Each structure stands twice: as structure tokens, then as C-alpha cells.
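This document opens with one chain alone, in C-alpha cells, the form predicted on its own.
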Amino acid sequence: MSHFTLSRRHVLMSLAAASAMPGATFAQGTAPKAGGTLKISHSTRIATLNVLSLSGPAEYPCIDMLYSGLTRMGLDNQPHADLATEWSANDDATEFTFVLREGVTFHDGTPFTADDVVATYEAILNPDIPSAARSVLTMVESVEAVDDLTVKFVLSAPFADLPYSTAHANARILSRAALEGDLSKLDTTANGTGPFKLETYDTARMVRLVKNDAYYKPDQPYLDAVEMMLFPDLAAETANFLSGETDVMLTVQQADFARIAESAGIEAQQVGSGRYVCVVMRQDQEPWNDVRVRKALGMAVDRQLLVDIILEGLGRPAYDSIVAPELEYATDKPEIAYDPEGARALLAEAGYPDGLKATLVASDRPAIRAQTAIALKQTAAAAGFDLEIKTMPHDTYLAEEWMKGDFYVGYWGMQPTIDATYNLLLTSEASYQDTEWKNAEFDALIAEGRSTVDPELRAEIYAKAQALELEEKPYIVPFFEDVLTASRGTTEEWHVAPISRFYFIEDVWMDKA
């Protein structure tokens, strides 16, 4: 089946088919119970609730509860209905029409209409407004409210993946009133159409959300409230969960997974994912502007050792591409063997016969960043790399190092398509272009890929793009990490998608006496 046919199948699906979300059906005798407060622990601060720009791992569950998008990614990595009940495209995928859900209101009681969709996408596409979703929507030429419940997208070029892009976690719908007001208020307030409403926002302690009685899914959410509770101390987070003080650990560390999974009354989940740590090497700075140095560092990584030691085996080696193997059009990546002697030879060829000294910076959250840095220091030493590891608090890292430093450890979740993956980080106009690897040929391939409908041609185009990435090596990507989460046995229907931006907490219920 062609990619365009697949997209059209999702484009044309009816409300009944499109809204079949994980956790929406229950076995006989296990009808969900209403009520209760779900307590979710996490280890990174919720720095903002601004749906347009946020990027923190604990921020995504909040916006998934507070806001809805036109579409929403399911556990099957496909777009499903959310505020749009159905959508259709013209023959060459240059125009899409979305039919909107009737009777939806924002949390303040004002009606949701097509005008709010238009205002949201105008904001996303406005270069003066920080927006993480802009890079996957640049082909949108105009958004028009045909009537109160119909929106028409006109694209500058064919783009069969538009329903994936409208499901972008940062493309949730805001009201026109909020967007025409003081945008700084979006950091600490929320007026969405999602299943929960904001009651308390305390960035240093707890964010509390309460049931939205007007949510569009009948009788949902089942919970009365959700509390997102910050535990900067990972040991304290685990202890509170195991003692029953919290119901869900949003992210379980690899070192704790086996112990937690073996504990009575706990359900631990291991979800294969394209989530990865990457070593950022700014290519407008020496020595990283020399591809031989970058390749030498790639050869200095013992990838299987890192999977075994850091991930406790809960992942798989990756070979310096940010494209997850599960994505459509992903190519097989050649294995990169641990070869310290070969790396030394490349360093010598690049002008470093006595090795190379550098400072590698890592945030302390999540812990996997610093663990990767330390392991890399050890495996790269035999290859002539003398790495000093500098670990800093996550807030300091965000303020001083991220998108600024020349050699640091990044951390990213899986994206739904190759187009979204590369436009997040590697195209010249990517949302988070942090390497200064700007390659005109690569940019042209990605632009051509998103404008091509024929699946065989798209496969050829994306294969060339991935080959360029491998040849130029903008990142070191040592492994893909499984998503690890855990819930108490009394917490039913807790799910995390492989793209850990979508949680379906409206389906969760508490089976407590």
C-alpha cells in the first residue's frame, strides 16, 4: 500500500473509526469507576505551560490533559480524530478540509470554533512567536474558516503527511482571545478544550488539574483530578512510589526498572521507542567542524556496552542517525564497530596525533544524560579523546548550554515521521537547530520529500537524506532507549505512546475500594 494511500485512509476515516483510542474499551466486568485523584511523579520541572513552545518531558502530559489538537497520535503511531472528526484531501494533497466537532467549549465556557483553529495556526506560522510545531507546518500557505465547523488548509506544495503534522504536540488549539492577549500568560495559565482544567500551577512543587465536566468524550475523564508532583531527588521519587504515596512514575530510570517491575502491586511498562540521547557537536566551532573528528568520536563509542550498562539492556544500539528504525522510509543503518585504533588514526589525520581534549557538558536530568557522558569518556579514552565531563543542574543547562554550547549531551523523543524528525533538528530552519550543520543538499531533499506523493520516489529521496546524515555525522547517537513507566495495580489504563507526548489520561481510572 502506498504511503499516500495510507494517509488518505486516515484522512477519510469516519468519527467512529478515528476516535478508537487506547483504553476506550473494557473487558466485561471491568467497567471504569469514576472519581479519585491520580498522583504522577516526575523529576524535571514544569517550566512552562505554553503549548506553542514547551519541550520538557513532564510538560507534555500537562498539555495533553489541558489542550486538544485537530488530530492526536495514537499508540499505533497514526493520527486519530480529536477536535476534527474527519478530514479529506484533494487528489494531489495540496488542500485539506477538516470537519470540526460540534458542541466543544473551552474551559472558560466559550465555544470552540473554526476561528480558533485559524488563530492558532496563524500563531504557529508567525516567525515572531516561538513555536516548536512551525517546522513541520511550513508548507501551510493559508488556513481558512469555511464556516464555524469547517477549516480548509491550502498548502504551497503536496504534503500527504499533514494529518500527522496537525497532531504535533505543540499544535494544540488555543482560543483566539488567548492569542490576541498577553502571550506571556500562556506560561502559567491554560484555557484549552482538553479533559482536565488547570487548578494549581507551582513549578517547584506540583501542578494540579481537575476534571473538565464539559469534555467531548461522554462520561470522561473518569478521574476527579490529576496531580503532577515534582521529585528532583530520584531516590525519593522511587521510594514514594513504592510506598504508595504516588500512583504513577512518569519515567522510570533503567537502574530501577527491574526492582520496580518485581515489586508487588506494580505494573511496569517497557515500550520500544525511537527516543535517543545525542552528542551535539557544533560544526561552526573547532574541532567539530572537521568531519574526521566527528567520525573518530563515532568510532570511539562502544554502543552495545552503553546499552548494557546505561540502559540495563532496555534499548538497542543506534548508529548516529536520529531516524528511528520504525519510521516509514527508514533505511538500514550500517553498524559502527567500536574501533579505538581506527579513531586514533582519523584524529591524527585531522591534525591531532596526540589525541584531543574537550569538555562535554551534560544536564543532571534525566540522569541518562550524565551517565552517557561518563560512559563516553571511558570508551573514548582508548581512542585518544580526553573528555572532561561537566554536569550541571537542568535549569542551568537550559539557560547556559542548550542551543549555545559546542559539545553537550542532548535528549529527544521519537517523532512520527522522517519529515518531522529532520525538521525538528537538522534542516537549516529546524525548530531546534543546535549543530549548525547546514547542508543545502539535505534541505532540498527534505523539502522534496515532503512535497512528493509517490511512495517509491519518497523512499528514494529519504534514503539519500539519511545517507547524507550518516556521511556528515551531525550527531553521535549511541542508542535508542525504550520508554519505561510504571503504575500501581489500582491504576487502570495508564498508557504511554512510543512518541512520549500522548497519554490519554482521560481513559485512566482508579480501582480503589
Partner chain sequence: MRKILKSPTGLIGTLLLALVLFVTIFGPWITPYDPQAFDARARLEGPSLAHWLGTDQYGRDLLSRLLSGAPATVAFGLGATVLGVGVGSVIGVIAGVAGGRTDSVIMRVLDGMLAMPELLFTLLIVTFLGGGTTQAMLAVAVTFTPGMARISRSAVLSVRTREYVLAAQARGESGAWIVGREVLPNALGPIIVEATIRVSFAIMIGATLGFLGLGAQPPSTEWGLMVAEARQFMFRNPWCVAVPGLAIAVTALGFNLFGDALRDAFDPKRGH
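Positions refer to the first chain, counted from 1. Model, not experiment: these values are computed from the prediction.
Below: the form predicted in complex with the partner chain, not depicted.
- Of the candidate stretches 174-182, 304-312, 198-206, 145-153, only 304-312 contains residues with a heavy atom within 4.5 Å of the partner chain in the predicted complex.
- No residue in the set Ile418, His495 and Ser500 has a non-hydrogen atom no more than 4.5 Å from the partner chain in the predicted complex.
- Proximity to the partner chain in the predicted complex, defined as a heavy atom within 4.5 Å, singles out one entry of Thr105, Thr391, Thr331, Asn77, which is Thr391.
- Residue in contact with the partner chain in the predicted complex (any heavy atom within 4.5 Å), chosen from Leu137, Leu346, Val248, Leu234: Leu234.
- Of the heavy atoms in Lys211, none are within 4.5 Å of the partner chain in the predicted complex.
- Among residues of the shown chain, Arg259 is one whose heavy atoms approach the partner chain to within 4.5 Å in the predicted complex.
- Heavy atoms of Ser131 never reach within 4.5 Å of the partner chain in the predicted complex, leaving it off the interface.
- Heavy atoms of Lys377 reach within 4.5 Å of the partner chain in the predicted complex, making it an interface residue.
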